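The data below hold one chain only, encoded as structure tokens and taken in the form predicted on its own.
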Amino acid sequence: MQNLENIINLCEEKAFDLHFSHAKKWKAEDASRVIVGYLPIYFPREIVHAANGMAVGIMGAGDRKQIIKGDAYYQSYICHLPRGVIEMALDDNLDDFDGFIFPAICDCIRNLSGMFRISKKGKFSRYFDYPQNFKRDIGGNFYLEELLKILDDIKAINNVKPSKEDLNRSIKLYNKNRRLIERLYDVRQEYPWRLSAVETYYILRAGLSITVEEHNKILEDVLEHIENNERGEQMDNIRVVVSGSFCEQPPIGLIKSIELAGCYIIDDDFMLGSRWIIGDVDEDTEHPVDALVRAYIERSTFSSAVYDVGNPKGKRLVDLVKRRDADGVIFSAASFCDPALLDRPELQKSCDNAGIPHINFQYHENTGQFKVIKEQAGTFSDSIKLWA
């Protein structure tokens, strides 16, 4: 088992490698392998894995790449993420990717999928529309067709059609991955000082650009360290849930600012796609793709990117806060993120009705507004300690 500090350093390196060197090296080792990039938030990586591929999360350029060409493709009043991604595509960052998936998050991502097609990036570029109807015979059938289209896209490249056994094996590996991540959050709920929110972020984000087998081993090693060893020093911090950062990722400086302001982040939606399915996808079934469909229809988490009127997001957020025994909520959304900002009033209303303190601010991927955010979060923390 590796030293924990070495693991964290390795994860940080892989998490922010904008050339995805590890995934490209993995592909080069076998001519039948493919790598498929996907934008936030959720994509069922199991189907790519079963087809001898790796689904690689493209989370944007953040503050690690200067945006020049990307600004010519988009208007100024949208979030930063699409401009960063098109900049990466126009440079050489995404070379050697075989295909790209653009989940239905917002209109900006829909437009980005068209830009990739026009730019002839990859062998396929597919806009991946989620069902907004959660009836199995309507939304479920639609979603099944979407998954089968992607399997056909991959087969056209490497001539691999995954068997039932291949799909069930992949489902088991990703079930294990989600269980390990959930266990990591459970340990951090009890001992948040043993692994900071920033370190947790590195570990989860690294998992988007390496194989699931490698990531499971990393998670097991990290859990072995933080479950059995004292690390860090307990502080007089409040415990918060961060909500609204499900797509454009917050800068590391922002996460650090919240922590330095006296807040333990014990749950969040930063890497929401890795935790999207609650519980396990059914294993060892005759129709494993159907099992993935059922999991999405029946066991999806909540997000502003999904219209689920029958399962109110405000109630689900309140339930999460109570389950994590959190002191409050920090609403943190990217500037111009329409889905998050449109949902925020209803989510705040639900928190008000439940007596849960909350604060909100917006951020850009590449701006240094952390001093103000730290002051806001610090005031929020102090007010809860003094008067809650």
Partner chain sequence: MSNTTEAVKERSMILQKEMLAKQFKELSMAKELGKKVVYTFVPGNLTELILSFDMLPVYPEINALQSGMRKKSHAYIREAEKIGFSEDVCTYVKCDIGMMLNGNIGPTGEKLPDPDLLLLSYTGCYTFMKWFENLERLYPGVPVAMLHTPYQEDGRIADEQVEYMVKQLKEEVIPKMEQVSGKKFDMDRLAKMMENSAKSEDLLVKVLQSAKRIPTPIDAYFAGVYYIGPIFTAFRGTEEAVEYYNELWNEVQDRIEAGLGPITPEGELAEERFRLVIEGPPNWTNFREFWKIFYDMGAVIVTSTYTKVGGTYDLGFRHDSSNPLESLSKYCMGCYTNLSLPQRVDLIEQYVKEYSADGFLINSIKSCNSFSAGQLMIMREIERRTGVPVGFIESDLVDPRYFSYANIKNRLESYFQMLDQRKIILSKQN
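Every value quoted in this text rests on a predicted model; they were computed, and no experiment measured them. Numbering follows the first chain given and starts at 1.
Quick note: we don't show the form predicted together with its partner chain, though the next part is all about it.
The partner is absent here, but in the model of the complex a heavy atom of Asp308, alone among Glu214, Asp308, Asp96, Asp91, sits within 4.5 Å of its partner chain. Listed residues Arg205, Arg239, Lys313, His225 were compared with its partner chain in the model of the complex; Lys313 is the one with a heavy atom within 4.5 Å. Contact with its partner chain in the model of the complex, judged as any non-hydrogen atom within 4.5 angstroms, is confined among 226 to 234, 300 to 308, 182 to 190, 195 to 203 to 300 to 308.
Contact check for Ile356: every heavy atom lies farther than 4.5 Å from its partner chain in the model of the complex. Its partner chain in the model of the complex is not approached by Arg294, whose heavy atoms all lie more than 4.5 angstroms from it. The shortest heavy atom separation between Lys176 and its partner chain in the model of the complex exceeds 4.5 Å. At a distance threshold of 4.5 angstroms between non-hydrogen atoms, Leu341 is in contact with its partner chain in the model of the complex.
Judged against its partner chain in the model of the complex with a 4.5 angstroms heavy atom cut-off, the residues Asn111, Arg117 and Glu346 are in contact without exception. For the stretch 50 to 83, the set of residues having any non-hydrogen atom within 4.5 angstroms of its partner chain in the model of the complex comprises Ala72, Tyr73, Tyr74, Gln75, Tyr77, Ile78, in sequence order.
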